[in-house]
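In structure tokens, the next block holds one chain alone, the form predicted alone.
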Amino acid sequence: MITLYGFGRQLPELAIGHTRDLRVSWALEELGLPYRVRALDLQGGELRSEAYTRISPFQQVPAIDDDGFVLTESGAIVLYLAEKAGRLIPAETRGRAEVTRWCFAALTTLEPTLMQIAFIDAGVETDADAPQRRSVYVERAGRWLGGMERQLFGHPYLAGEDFTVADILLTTVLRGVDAGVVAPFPRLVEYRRRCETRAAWQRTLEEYERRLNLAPGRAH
């Protein structure tokens, strides 16, 4: 059985509903793979323990242990799970490459810029030039989001007609930024809504809220 190392107990308020273990839980729920969650205590320093450092060199969540095969990095994990199950990724080489392309785009092109906006909006960055930098980031994000908007023209998901792991990653990235940043891109707004209505995502949120002892709906 797969063990998912995820967050447990208390999290900083700003992180609730946005942690990257959600991506892996969602993939596991979509794929129907049996798994259990090993909930780690962030505030208690469990991520910095010697035992967990042997699992995750960067002392980060998520990680998985699949019968002795340990893997970290959310993008790598969801791709591995899709390959293992033979679902949420095409079987043929070019189709897999297309899905992988959009996984990388979500995590390496779009996410870093959106995270900078989110940090400023949350008050994490309070220096005097933060508003000016935010304008630069929003302009840059518009370029990336515009590309995603064009990609969604004529089909419901990033790689075509079928929901894939690329959509798991992009949807969770979009959740991390104020909705106003995405609002000018109606296809993306509808795309996120479509992905978040999936039953597997709803199960993921319910499990997450139970694990963190959150009120129902708190992580939505």
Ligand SMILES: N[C@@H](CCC(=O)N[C@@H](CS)C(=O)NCC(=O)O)C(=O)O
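We number the residues from 1 along the sequence you see. No experiment lies behind these values; they were computed from the predicted model shown.
Omitted here: the form predicted in complex with the named molecule. The next part is about that form.
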> With the named molecule left out of view, which of Leu42, Ala39, Cys195, Val181 would have a heavy atom within 4.5 Å of it in the model of the complex?
Replying inline: Leu42
> Taking the partner as it appears in the model of the complex, which of 150-158, 53-61, 172-180, 30-38 has residues with heavy atoms within 4.5 Å of the named molecule?
Replying inline: 53-61
>> Can you work out whether Leu188 and the named molecule are in contact in the model of the complex, taking contact to mean some heavy atom pair no more than 4.5 Å apart?
In response: no
>> Considering non-hydrogen atoms and a 4.5 Å limit, does the named molecule approach Glu98 in the model of the complex?
In response: no
>> Just checking whether Ser74 would be counted as a contact of the named molecule in the model of the complex - the rule being heavy atoms within 4.5 angstroms.
In response: yes
> Within 12-27, which residues come within 4.5 Å of the named molecule in the model of the complex, counting heavy atoms only?
Replying inline: Thr19, Arg20, Arg23
